[in-house]
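Below you will find one chain, with nothing else, as structure tokens; this is the form predicted on its own, and questions on how it binds or moves follow later.
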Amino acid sequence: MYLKSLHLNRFRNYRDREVQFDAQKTIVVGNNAQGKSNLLEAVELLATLKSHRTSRDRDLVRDGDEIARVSATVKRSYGETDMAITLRKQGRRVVTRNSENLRRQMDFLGAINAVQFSSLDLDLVRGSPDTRRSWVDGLLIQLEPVYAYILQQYNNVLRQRNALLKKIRNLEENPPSRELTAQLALWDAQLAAHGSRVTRRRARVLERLAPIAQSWHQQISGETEVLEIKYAPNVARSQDDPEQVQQAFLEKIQQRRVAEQNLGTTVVGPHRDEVDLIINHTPARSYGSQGQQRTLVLALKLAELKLIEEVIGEPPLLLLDDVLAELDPNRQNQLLEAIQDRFQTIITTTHIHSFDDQWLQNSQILTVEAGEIHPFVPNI
């Protein structure tokens, strides 16, 4: 997989800029707040239809404009694909593949696969369970684009069921009427059906990812630490059987019926899942230094790269957002050695001196300043 070109039109702080990628590694140099991260964010958007920095399209449109567009050409083993996303401050986005507007955004996914690693990824260790759920879901969407639809279905059911539970809580009648009870039973069945599809896929992908991450973590830590990744679903499952998992959902819903009606919200389902990251039998969020937490995140990102490559049959893009300076020399070497020329890599940095001569000689080097992109000219 190779990203040949990227065109940013009124996206973030870019007025109209196109980049042609002519090397396996691209180093993007610039001071903070000049647009380096925006460049990587555009690639992330093409790969996942999401940004890890905002959930609102209007934030992605350049100040003073109403519409933005991100387009790219990517080369895969089966040929080239032209793709574009049109974003609006108000209104729906439009996704295009080979000049054809797509009715379903899900059909846009899969043309580009990318793994991003930034300083924000420390939240995988220190942040809330929602951060880890989003990370697993993002990986699943790249491995299995239909998962985006599965997750959307679940969230739609969750929203409708929560609205009904809120209505029941606000009514004076207790217990609720037969009609409301019948409606809730229908949403129970939907929650169990769609929730089981989510939780089973999360379990399977973590089972595949865990040994890869453990191997990387052992290597980076010098075999001094043992990593465990444990999926802690809100609804326990003893086997990967759809009917068995759905039945477990229904039983737990029944157990929590009174609590849900009192709270007016759904407390059963994968929106309450957790992913436990454990180092030497201790939760990673309360373990050790930032350096040890960075080791864990680096192992997770390298595991993502390998798993995506195994599943889709091609190496994904690697997006590194100003992380080399935050890694000690050992972790830097582990990362750069893992990359080599296997993955097309785009790296942002404030200091070009973070790289050795061999990397500089084999890389395309660009500079970004106030949304302008130019070939890098070293100071003489």
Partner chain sequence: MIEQLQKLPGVGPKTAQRLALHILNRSEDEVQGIAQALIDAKKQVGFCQTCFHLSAQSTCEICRNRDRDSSTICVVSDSRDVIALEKTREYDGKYHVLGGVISPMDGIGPEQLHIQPLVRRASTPEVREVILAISPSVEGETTTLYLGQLLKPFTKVTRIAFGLPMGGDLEYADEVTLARALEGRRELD
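Being a predicted model, the structure only gives us computed values, none of them experimental. Numbering follows the first chain given and starts at 1.
Form predicted together with its partner chain: not shown, discussed below.
Would you classify E243 as touching its partner chain in the predicted complex, given a 4.5 Å non-hydrogen atom cut-off? Heavy-atom contact with its partner chain at 4.5 Å: absent for E243.
Within 4.5 Å, heavy atoms only: does L140 come near its partner chain in the predicted complex? L140 lies outside the contact set for its partner chain.
Give a yes or no for K167: in the predicted complex, does one of its heavy atoms lie within 4.5 Å of a heavy atom belonging to its partner chain? So K167 counts as contacting its partner chain.
Check W187 for me: does it contact its partner chain in the predicted complex (non-hydrogen atoms, 4.5 angstroms)? Yes.
Can you say which of 152 to 160, 228 to 236, 115 to 123, 213 to 221 gets within 4.5 Å of its partner chain in the predicted complex, counting heavy atoms only? Of the stretches listed, the one contacting the partner is 152 to 160.
Of the options V258, V146, V267, L102, which one has a non-hydrogen atom that comes within 4.5 Å of its partner chain in the predicted complex? Exactly one listed residue reaches within 4.5 Å, namely V146.
Name the single residue among M83, L307, L206, M106 that comes within 4.5 Å of its partner chain in the predicted complex, judging by heavy atoms. Looking at the other structure, the residue within range turns out to be M106.
Taking a heavy atom within 4.5 Å as contact, would all three of E179, Q183 and H194 count as contacting its partner chain in the predicted complex? Every residue of the candidate spot has a heavy atom within 4.5 Å of its partner chain in the predicted complex.
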